[in-house]
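One chain comes next, on its own, written out as structure tokens in the form predicted alone.
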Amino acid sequence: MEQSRPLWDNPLQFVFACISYAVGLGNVWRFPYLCQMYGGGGFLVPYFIMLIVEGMPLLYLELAVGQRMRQGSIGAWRTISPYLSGVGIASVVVSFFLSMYYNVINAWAFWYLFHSFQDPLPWANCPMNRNYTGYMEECEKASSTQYFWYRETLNISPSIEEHGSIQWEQAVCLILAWLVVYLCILRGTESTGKVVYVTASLPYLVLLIYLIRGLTLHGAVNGLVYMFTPKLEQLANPKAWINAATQIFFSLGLGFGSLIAFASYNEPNNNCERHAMIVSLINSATSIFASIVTFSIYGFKATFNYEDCVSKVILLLTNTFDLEEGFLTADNLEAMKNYLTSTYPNEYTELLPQIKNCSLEAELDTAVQGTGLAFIVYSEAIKNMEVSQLYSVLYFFMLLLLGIGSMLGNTTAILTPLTDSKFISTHLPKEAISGIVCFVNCIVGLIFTMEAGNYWFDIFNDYAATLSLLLIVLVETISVCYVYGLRRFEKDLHVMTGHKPSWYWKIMWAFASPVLIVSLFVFYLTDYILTGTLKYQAWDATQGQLVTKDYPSYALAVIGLLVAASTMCIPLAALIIFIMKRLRRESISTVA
């Protein structure tokens, strides 16, 4: 089996595959948000500590297991102990859940990419109403970028209970996204190995172009100063440390089985220790690099909105009090407000509801993550740039590459255990297995193209993996250290890398990382319990904003099933193996 197993063309191809998988949308749309929420540059302190305590050791462990066992997640953990078969199955289930909804992001990226060739950009202005007497009311209450996202793209329903119909434009984009993924994974490492050179390198070129453009934008400095000014008081906030650990954990893609699958195609003597350090450091460096780009864009957007707000206030006061044009400026605005208040108290009081409170700090404090950052905030900044079509095409092309790179890892985690199975591989060629996996995921994924699809997307994004992955990685670490044996694992690493692991790796594996994972698990469990009834954000078209609503009972049941479907694989598989062994032993003793 080992001789016939496909291999990467060279170690660099493997590293590129890992980078393409690990460096994803979370680096662009979650890490900057966490920096914004938890102390700017000060957030880097807990982030790098968690990288050393959790990120590097667990990444090295998964790569070493895959390379040593030379099988996908199910086979690798079954080789360590038959009772651990459920760990691999749980990884495949979580990866299947992730693949179902993650490719919808690529569908959205395709949708925005296709619309980026229009002049002006379709989200630059509000559309006219049917009578052409004004703008669409929903758009006027929200903004042109929010309207394009919630109405033109998602055509979102008012609540999760109003399912609506499938949006055919989004369905076509989703089918296209799955077709691209299928062509990339068609022949296993043979095709994936070529694609990862593009998906791992081109996003950096786009980020570099955006960095150069971002730094030249008016107000970019405001965003960068905001990012790099550390708020050290946040170091005393437990949530800053929890979120740092969570970001490292999910950004590297631990527990999905993708890293084990990638490493299983390595040469047996590949230096996986060095590669674990390279991938984890590049992943973290990319997060910081993407944050610099994001905060320069943030600074531009915040400054633009602030100056636009000030201009509207100046125009309002100039017209109302018949002031000389150019007399009011941003510098003397506050002083003039005080003067007008004391001189014309009645007139100014009547006008007060129309006078907006313009604040650059408040604009910079507006924290957005996820799809809100990717498809609303960035779109709003892009529409105000010169040659906006070019930057829009570049940005959404980069999002697409990052999404496809991550999808290659997700699908590999599912396909490798399937192609490793002698029963499946003897009856179906590799291309057919890949096609079936993509087809099933695509059909199920059509749920997310319905009018209520975005609410189901949030459910899968929030609950399909969080607790499950923590449990999976905890069992993985304990299994290697205390079931397989740390000394035995140490000897395997000596054979593979040419030297034994240092005390740092052994302490992290045996003690520090498991304790940290248990702490995270307890935190999330108590957080869910204390939250009470789970809520979600629904779009209210009449107000042009998001409102909070309670999940209906059937949505809560789906959340429970998502968590249970993967986590229960571990004890159930162990129980089935135990019963089977017990029955086999009894039948042998009966025959004897």
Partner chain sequence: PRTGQNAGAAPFIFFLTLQYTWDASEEYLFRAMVAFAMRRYSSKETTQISNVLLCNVTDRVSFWFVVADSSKNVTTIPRKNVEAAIRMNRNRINSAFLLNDDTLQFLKISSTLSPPIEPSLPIWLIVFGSVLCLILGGIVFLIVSGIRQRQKKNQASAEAENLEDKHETIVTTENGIPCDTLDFKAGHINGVYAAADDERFTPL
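Positions refer to the first chain, counted from 1. This structure is a prediction, so every number in the text was calculated from the model and none was measured.
Not on display, but discussed next: the form predicted together with its partner chain.
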- Given that its partner chain is left out here, which of 353, 498, 134, 345 has a heavy atom within 4.5 Å of it in the predicted complex? 134
- Note on the structure: The listed residue (169, 267, 162, 307) that reaches within 4.5 Å of its partner chain in the predicted complex by any heavy atom is 169
- Message: Given the stretches 337-345, 509-517, 258-266, 183-191, which is the single one in contact with its partner chain in the predicted complex, using a heavy atom cutoff of 4.5 Å?
- Response: 183-191
- Using 4.5 Å between non-hydrogen atoms, is residue 114 touching its partner chain in the predicted complex? yes
- Please run the contact check for residue 315 against its partner chain in the predicted complex: heavy atoms, 4.5 angstroms, yes or no? yes
- Is there a heavy atom of residue 324 lying 4.5 Å or less from a heavy atom of its partner chain in the predicted complex? yes
- Message: So in the predicted complex, is its partner chain close enough to residue 238 to count as touching (4.5 Å, heavy atoms)?
- Response: no
- Item | Residues in 47-78 with any heavy atom within 4.5 Å of its partner chain in the predicted complex | none
